[in-house]
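So this first bit is one chain, no partners, the form predicted alone, shown in structure tokens.
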Amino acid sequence: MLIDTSFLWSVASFKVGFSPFADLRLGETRYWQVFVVGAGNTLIVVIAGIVSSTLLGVVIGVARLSANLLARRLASAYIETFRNLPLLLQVFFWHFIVILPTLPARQQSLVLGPGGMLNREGLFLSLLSFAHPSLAWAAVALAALAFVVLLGSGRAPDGSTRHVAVACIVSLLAVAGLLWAAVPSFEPPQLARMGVVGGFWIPIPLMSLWWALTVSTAAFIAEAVRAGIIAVPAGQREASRSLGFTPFQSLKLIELPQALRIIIPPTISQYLNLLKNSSLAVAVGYDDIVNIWMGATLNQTGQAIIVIAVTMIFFTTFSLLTSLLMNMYNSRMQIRER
């Protein structure tokens, strides 16, 4: 079998449909760029799916233990339904039965005010651009630094709380000033004869895949959340109520912080499953790494060993990285006995 890496610098004979990081045109895209865009598209749907499934899973898991009978039954029905359906079937259901038939054609697009428009081709949002991009990136870096400092302030001495608050306010003002100095402008999408021009495009296959992954993974995370809360001794809950805590305060301040130590390990497995299940993007035509790299590129170059090996390295690397980050967070949340 032929092994030759020179094809990476050859021009691909197909066009990548969705590439938010670069303007890749037919006849100008090289195969290594196809890999980079496919990997980036995979990470987009995985990161978005992890965030949304975690939020939805916590809400469903708490509702599963609610004193309200209707909320408890609805949460139970949600979990039992989506946990027992094949994920590929769910992807088809949301894409071909729910989302595509309910959206209008291009000429009858739903106009979302100045923010954008929605049709069967996707969601088109106004594109934010800056006359001085370097100042905008400086604002993003400063905001990220302030966020990290704010997260670390939870373990700071009590006397430093005021200083942290002042630093956050100053950082917020500095970020706003940098963004204003960068001269932002909005480019709204507009209907044209051959399609929609301008704006930022989020394709329907990406939305369908993201939603299917979110709904399915949230069902498993909800069960982990429920198990974690149940494992907290009942005396903790009763003690918080005797101190005058409301049920929400008891859940937020007493039960969930202790339950996290039990919730995190099974949740790591669900995050890894979500990463691997993102390969079902090929079923709805989303341009992820499996579709445009292991599919189109492999078919056109015949470099099976290199293409499949690189794909395996990609999934293994990011699975290990996800597991490492979550295990670090889990270690931080563990109770250290003296």
Partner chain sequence: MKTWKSCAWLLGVTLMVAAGTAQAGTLEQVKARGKLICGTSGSTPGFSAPDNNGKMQGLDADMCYAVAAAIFGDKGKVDFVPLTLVERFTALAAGEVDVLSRSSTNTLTRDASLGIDFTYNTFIDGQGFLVRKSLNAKGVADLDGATICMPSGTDTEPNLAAYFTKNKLTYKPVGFDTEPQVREAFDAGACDVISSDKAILAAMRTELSKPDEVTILPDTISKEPNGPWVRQGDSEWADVVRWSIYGMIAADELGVSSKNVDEMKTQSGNSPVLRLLGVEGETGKLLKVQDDWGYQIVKQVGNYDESYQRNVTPLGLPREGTPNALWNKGGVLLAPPL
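Residue numbers count along the first chain shown, from 1. These numbers were taken from a predicted model, which means no experiment stands behind them.
We do not show the form predicted together with the partner chain, though everything after this point is about it.
Although the partner chain is omitted here, in the model of the complex all of 96, 196 and 294 have a heavy atom within 4.5 Å of it.
Among 261, 241, 72, 120, the residue placing a heavy atom within 4.5 Å of the partner chain in the model of the complex is 120. Only one of the listed residues (33, 301, 273, 54) places a non-hydrogen atom within 4.5 angstroms of the partner chain in the model of the complex, and that residue is 301.
Here the chain stands alone, but in the model of the complex its contact with the partner chain, taken as any heavy atom within 4.5 Å, falls in 282-290 among 34-42, 60-68, 282-290, 309-317. Proximity of residue 175 to the partner chain in the model of the complex falls outside the 4.5 Å heavy atom cutoff. The partner chain is not drawn, but in the model of the complex it has no heavy atom within 4.5 Å of residue 10.
Looking at residue 135, you'd find every heavy atom of it more than 4.5 angstroms from the partner chain in the model of the complex.
Shown alone here, residue 100 lies within 4.5 Å of the partner chain in the model of the complex, counting heavy atoms only. Along 10-26, these residues reach a heavy atom to within 4.5 Å of the partner chain in the model of the complex: 13, 14, 15, 16, 17, 26.
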